[in-house]
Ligand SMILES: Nc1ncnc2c1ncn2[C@@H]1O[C@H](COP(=O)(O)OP(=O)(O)O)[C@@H](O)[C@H]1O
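Coming up is one lone chain in C-alpha cells, specifically the form predicted alone.
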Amino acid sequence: MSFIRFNKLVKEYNGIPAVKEIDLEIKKGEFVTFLGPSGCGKTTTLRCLSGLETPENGEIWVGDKCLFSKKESINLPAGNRGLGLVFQNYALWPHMTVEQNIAFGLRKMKVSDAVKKEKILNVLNAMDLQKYSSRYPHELSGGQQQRVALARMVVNEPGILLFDEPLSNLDAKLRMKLRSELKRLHRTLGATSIYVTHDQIEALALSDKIVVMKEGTIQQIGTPYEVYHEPVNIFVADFMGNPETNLLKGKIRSADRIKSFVFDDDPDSIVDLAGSVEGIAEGNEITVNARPEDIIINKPDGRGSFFVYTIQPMGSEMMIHLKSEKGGVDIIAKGPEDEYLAIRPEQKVSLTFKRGNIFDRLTGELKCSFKG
C-alpha cells in the first residue's frame, strides 16, 4: 500500500525539464534514497514534495491527502505539509543556542511549556547534545551542528523525514557515525524517510529502497541488492560501486559447456564466466559488467593471458590492476589481503568472472546475469 505517491510529476527551470513525468510510490515506514549524479533531478523531486518548489504538472499525494495537483489547482504551502526537512548546510539560527534552535522547531505546536521542555530534553539526550545546549552554532563542530539540525527536525515527530545530502560536508569517519544515527532515528520514530545523495555507499548503507535517477528520469527502483547486483542498464551498473566497476566489450565463446568472454580490444585474451549464461548467442556484441570483488585471480602458473600491472594494499583488502598481454584491456580486481599475498607485479595470471551482468551493446539494457 503506497503512502507517498508522485504521479507524472514535471518540474522545469526556464523551460528546461529537471524532472520528467516521474511516477513513484513509497510505502509507509520505508527509507528511500534518491541517488544519482548532479543535475539528475533528485533534489528537485524532494523540494517539490516539501513545497519549496512548484511543479509544472502532475500530482503529489501523502496518504489520502493531495499536496499538489496541477489539474485541481492544489498547492499546499510548505508549512502545512507536516514534513521534516534537513539541508546540506544545516540552516541553524546563528544568534540562538542549541536549545533555542531546537525549541524553534516547536513554535507551531500547541502544547504547554512543560511538554515542550520535556520534548527538548528528550531529543537532546537522543542526539547526545546535552552538554552543548547553551552553546551557539559557531562554537560547534560540523558533526555537532548537523546533529542539532536533525534534533530540530525530529522534535516535532513528523511522519515524513526529508534529507537533502545532510552528510556531504562532513569527513568520512563522521559520515559513517551519523549514518548509523540516522538509521536508528528512522527506526525509532517509525517515520517514512526520503534521502537525497550522490554517494552510492551511503545509499547502499541506509536504504530499504533506492531510486536511481538520470537526467530527470528514474532508471531503476529496487533494494540495495537489486541495484548493485542486478542493474537494469549500463548507466546503473556504472554508477553503482566504489571502486568503479569493469565494463568490458566483447563476445561470448562456448567450448565444452564452458562459457568464456573474448574481448573486442584483445581477442587473444579470454576470461571464463562462472555459472549459467542464458539467451546469449555466440558472436553477439555485448558488454559485461564485472565488479572488482567478483573477479577471481587464479593461481599464477605462467599460462594466463593477463599480467599484474600494479598492487595497492588497502588494509584488509588489496586492489589489483591487471592488463591483457597486448595491453588492450584494463581490469581492476579486489579481494581479501590474505588471498592475494602471493601475487606479485608482472606475474601472468588467468581470470574468472564469478558473477556479473551482460548488457546489449546497442540498447545498454540488461540481457541476463550470471553467478557461479
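Just so it is clear, the structure is predicted and the values come from calculations on it, not from any experiment. So that there is no doubt, residue numbering starts at 1 and follows the sequence shown.
Form predicted in complex with this ligand: not shown, discussed below.
None of 351, 358, 24, 18 but one reaches within 4.5 angstroms of this ligand in the model of the complex through a heavy atom, and that residue is 18. Only one of 327, 29, 63, 37 lies close to this ligand in the model of the complex, with a heavy atom inside 4.5 Å, and it is 37.
With a 4.5 Å cutoff on heavy atoms, residue 41 counts as touching this ligand in the model of the complex. Of the candidate stretches 303-311, 331-339, 42-50, 55-63, only 42-50 has residues with heavy atoms within 4.5 Å of this ligand in the model of the complex. Contacts of stretch 343-359 with this ligand in the model of the complex, defined by any heavy atom lying within 4.5 Å, are made by none of its residues.
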